[in-house]
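A single chain, nothing else alongside it, follows as structure tokens in the form predicted on its own.
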């Protein structure tokens, strides 16, 4: 099975160098070796050219919101990746900076000896600019490969304004892509030549290093120039932890996901979002495991294309509800980020929402809190405080409460722009799954994206959907949640 051409984007106009010593896979977003179109594409190049395969996974110190929390999660994934390629026909080159700028020049020097470079085509955060800049610097062919979702990013030629319209599009277009899954293990039976050694000048200037940053080695992070106030959490990163969590979710929670997911006390959510964000697990992998558990085949799809939220997959209600979150809502965000550069700006809101919010920006607020007060969970509202405490302590917020968390930031900030800035800062600083298209979907939904006008018009909100802690507590089971995060 070959990587579908729709998922391959040529970044620069340079040709491959068939006289190079190896094929280089520059791992940036999909930090795994299985169920990964990017890695599969690199293996294809290595097979075609009969060259060894080298994998570079680097971790810099100066990415936005770099902290102990994010570094630890990524490094744990690097430990797994090092073990995964042990005694396999590819060379793993892990490199993480001890000081800012230490990795500058590594990619260019490693690529000087390469035939071609393959990397990940992730549409958000600083990665698109980084890939574009690399394409201008490299003298050999650079390809970016899309392994983000079930639907290729380039399968859609427009931005969708609602989950309903995107769901209808998915139901029409997705079936033909359900036969184009990445290989579970691209290296299986791959007879690739071995490389004797990496270029000496590269190894001398950037020695590959896999210091065992295990739980026992966490103290090593203290020497790095990153934010140490955002501490690491008990949630372990890496493919092994992600796969274990996926297995337990399918076995224990999937059947009741539709009824339990919204109740914080029932802990009915999957917890897979951080592993998807850092690429430790794949959406194709998750879908495949769910389809297997449901004994499902593509022939069972409902032939009607009506944008219905339930019944199209013809799986159990829990699986249907989870797949709508995993595919419709998650990939809706990727659609926005891949098509609009201002996806994280207030100007990207639908016209009606932006107009209403600006019209009510001078309205009196019942409370006004500063960034510091929000960050320290010092509001008058116990439920909001609990959600913020969970975010700061654990790097996550319960899915339903994340919506309330954002709505009240809008309600208690001086302006819509200030509310947006606060949501982005707190989410991206503390959340393991922040800095992601799916995160921006949630943040901007608070401000009206993917929603419709709601009557009556209210102070501060206008016709943007309103939520209150009182109604949330009536609907949901939160007693134990409030006790845990008080």
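Residue numbers count along the first chain shown, from 1. Bear in mind the structure is a predicted one, so any value in this text is a computation, not a measurement.
One more form of this protein, predicted together with a small molecule, exists but is not displayed; see below.
Look at 339 to 347, 225 to 233, 68 to 76, 396 to 404: in the predicted complex, residues with non-hydrogen atoms within 4.5 angstroms of the small molecule sit in 396 to 404. The small molecule in the predicted complex is not approached by residue 448, whose heavy atoms all lie more than 4.5 angstroms from it. In the predicted complex, none of the heavy atoms of residue 411 sits within 4.5 Å of a heavy atom of the small molecule.
At the 4.5 Å threshold, heavy atoms of residue 57 stay clear of the small molecule in the predicted complex, well away from it. A residue is said to contact a partner when one of its heavy atoms sits within 4.5 Å of a partner heavy atom; residue 126 fails this definition for the small molecule in the predicted complex, lying far away.
Distance criterion of 4.5 Å from any heavy atom to the small molecule in the predicted complex singles out 330 from the list 284, 167, 330, 141.
Note on contacts: among 160, 313, 257, 96, the single residue with a heavy atom within 4.5 Å of the small molecule in the predicted complex is 257. Each of 270, 276 and 325 places at least one heavy atom within 4.5 Å of the small molecule in the predicted complex.
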